[in-house]
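Next up is one chain by itself, shown in structure tokens, the form predicted alone.
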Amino acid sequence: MSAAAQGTSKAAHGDVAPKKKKGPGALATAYLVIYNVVMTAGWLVIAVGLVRAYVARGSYHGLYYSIEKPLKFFQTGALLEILHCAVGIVPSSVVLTGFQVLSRVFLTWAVTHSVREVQSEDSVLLFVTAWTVTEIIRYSFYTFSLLNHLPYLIKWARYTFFILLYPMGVTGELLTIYAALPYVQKTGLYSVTLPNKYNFSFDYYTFLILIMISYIPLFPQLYFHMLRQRKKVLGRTEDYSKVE
């Protein structure tokens, strides 16, 4: 649900009310509210787990192990967002949503889970922290939008916190993949070598390098897209306040 419908704004001044976009039906809306509430709660559990582990240990090193299971569960649960777009109950791009969700699921399972040596890296905590704060805000935003009661604070946080959290998360993701490279190269993890009966080869080490390189063109595009969205959404609110 990469671009879920936002909360209904007040009617514009004038005799003719603006045309409202058709949203999901009552049953779909109820399901989406439940889904987003559960996901918000799940990421809050992760946040609390991180804080409790830090307080207990007095150190941020190795905090991943304290939230490993809920992180895997709720991040994997985001795959449903692709289905939501595919069946049309959320008006977002299946391709864009799929890319964003699958990239995180990939990092969760194919890198952090599969290469246990990187789980104690500080970079893992970096992206986990960024993801956690982002998802609490994001799922809260979707929940209140579906209920047509979106507090301005949550809207502001949704279109402001990414300025810091997005680069923070990307940095953690890239550093984690980079830390995994020596272990992947040494063990041949997920690689397929010739000869084999399928006459097919795959080098997971090279694949990870290509994933890292793909961040170069993709990150700026997505980041500046969000900046434009911020100006569009928050700028509109500020303009309306001035009129009021």
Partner chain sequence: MDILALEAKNANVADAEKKPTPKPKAKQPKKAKRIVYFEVEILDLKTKEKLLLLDKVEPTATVLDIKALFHKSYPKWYPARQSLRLDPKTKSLRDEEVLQTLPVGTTASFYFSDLGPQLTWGTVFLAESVGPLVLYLMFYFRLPFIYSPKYDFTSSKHWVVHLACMCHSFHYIKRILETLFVHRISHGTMPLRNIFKNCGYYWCSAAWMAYYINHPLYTTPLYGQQQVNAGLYIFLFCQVGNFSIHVVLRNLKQPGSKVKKIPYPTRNPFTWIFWLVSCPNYTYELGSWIGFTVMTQCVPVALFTLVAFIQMTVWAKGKHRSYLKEFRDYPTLRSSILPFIV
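Positions refer to the first chain, counted from 1. Computed from a predicted model, the values in this text were never measured in an experiment.
What comes next is about the form predicted together with the partner chain, which does not appear here.
Student: Do residue 217 and the partner chain come within 4.5 Å of each other in the predicted complex, heavy atoms counted?
Tutor: Contact with the partner chain, no.
Student: May I ask you to check whether residue 195 falls inside a 4.5 Å heavy atom distance of the partner chain in the predicted complex?
Tutor: Residue 195 belongs to the contact set for the partner chain.
Student: Would residue 201 show up as a contact with the partner chain in the predicted complex if we use heavy atoms at 4.5 Å?
Tutor: Within the cut-off, so yes.
Student: Which one of these stretches, 172-180, 55-63, 187-195, 40-48, sits within 4.5 Å of the partner chain in the predicted complex when only heavy atoms are counted?
Tutor: Only one stretch qualifies here: 187-195.
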